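First comes one chain, alone, set out as structure tokens in the form predicted on its own.
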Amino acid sequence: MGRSTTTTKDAQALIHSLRTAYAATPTNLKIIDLYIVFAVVTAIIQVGYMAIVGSFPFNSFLSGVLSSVGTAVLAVCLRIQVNKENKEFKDIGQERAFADFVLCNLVLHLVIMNFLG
């Protein structure tokens, strides 16, 4: 019984420390995080739909999931580049990072549209 209360207190302390650390995150990073969550949830919904209904036009299912996952990956890259605490990308401005994100998304979705046929 004592072990579970210690685990519960540790979990609550971890959640509290994560919440306070995330409160200091800039708003533009929180917006990107929300976009990443949206893209991942969209991919999960598509996989769930495929599991329930079936994947008759398999290339359509694959295109939708790859579009969602690819967009999420590109958004993670954008978040890494825009984060001011990251010293590796300090030479890249926010406008350049966003332009790279838009261009890569354009290429990704052109390839996906081509895959659809």
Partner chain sequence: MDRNLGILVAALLLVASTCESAIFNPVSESHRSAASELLSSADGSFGSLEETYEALKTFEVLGIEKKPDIRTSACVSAVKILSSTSSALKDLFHALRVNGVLKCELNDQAFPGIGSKLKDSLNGASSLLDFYYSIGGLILIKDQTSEVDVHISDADRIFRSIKALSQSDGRWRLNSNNPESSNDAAGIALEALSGVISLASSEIDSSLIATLKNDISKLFDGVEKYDDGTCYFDEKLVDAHGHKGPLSASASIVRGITALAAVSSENLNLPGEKVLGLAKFFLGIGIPGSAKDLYYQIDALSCLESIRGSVPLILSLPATVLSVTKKDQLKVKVSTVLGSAAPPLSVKLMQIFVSGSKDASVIDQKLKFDPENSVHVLETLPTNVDVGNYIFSFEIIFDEPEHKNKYATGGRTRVPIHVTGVIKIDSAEIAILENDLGSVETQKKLDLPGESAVALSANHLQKLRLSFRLTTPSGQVFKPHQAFLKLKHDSGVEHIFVVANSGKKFEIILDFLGLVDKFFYLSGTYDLQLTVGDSVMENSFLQPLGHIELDLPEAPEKAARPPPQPVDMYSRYGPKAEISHIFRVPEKRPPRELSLAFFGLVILPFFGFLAGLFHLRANLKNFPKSIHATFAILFHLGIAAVLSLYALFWFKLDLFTTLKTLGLLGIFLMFVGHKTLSHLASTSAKLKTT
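From a predicted model like this one, the values you see are computed outputs, not experimental measurements. Positions refer to the first chain, counted from 1.
Keep in mind the form predicted in complex with the partner chain is missing from the figure; the text below concerns it.
Trainee: Examine E95 and determine whether its closest non-hydrogen atom to the partner chain in the predicted bound form is within 4.5 angstroms.
Mentor: Within the cut-off, so yes.
Trainee: Looking in the predicted bound form, any heavy atom of N83 within 4.5 Å of the partner chain?
Mentor: Residue-level check for N83: no, no contact with the partner chain.
Trainee: Using 4.5 Å between non-hydrogen atoms, is A99 touching the partner chain in the predicted bound form?
Mentor: Residue-level check for A99: yes, a contact with the partner chain.
Trainee: Please run the contact check for F89 against the partner chain in the predicted bound form: heavy atoms, 4.5 angstroms, yes or no?
Mentor: Result no; F89 lies far from the partner chain in the predicted bound form.
Trainee: Within 4.5 Å, heavy atoms only, which of L62, V69, C77, I45 is in contact with the partner chain in the predicted bound form?
Mentor: In short, I45.
Trainee: Within 4.5 Å of the partner chain in the predicted bound form, counting any non-hydrogen atom, which residues from 23-42 show up?
Mentor: Read in sequence order, the residues that approach the partner chain (within 4.5 Å, in the predicted bound form) are T27, K30, I31, L34, Y35, F38, V41, T42.
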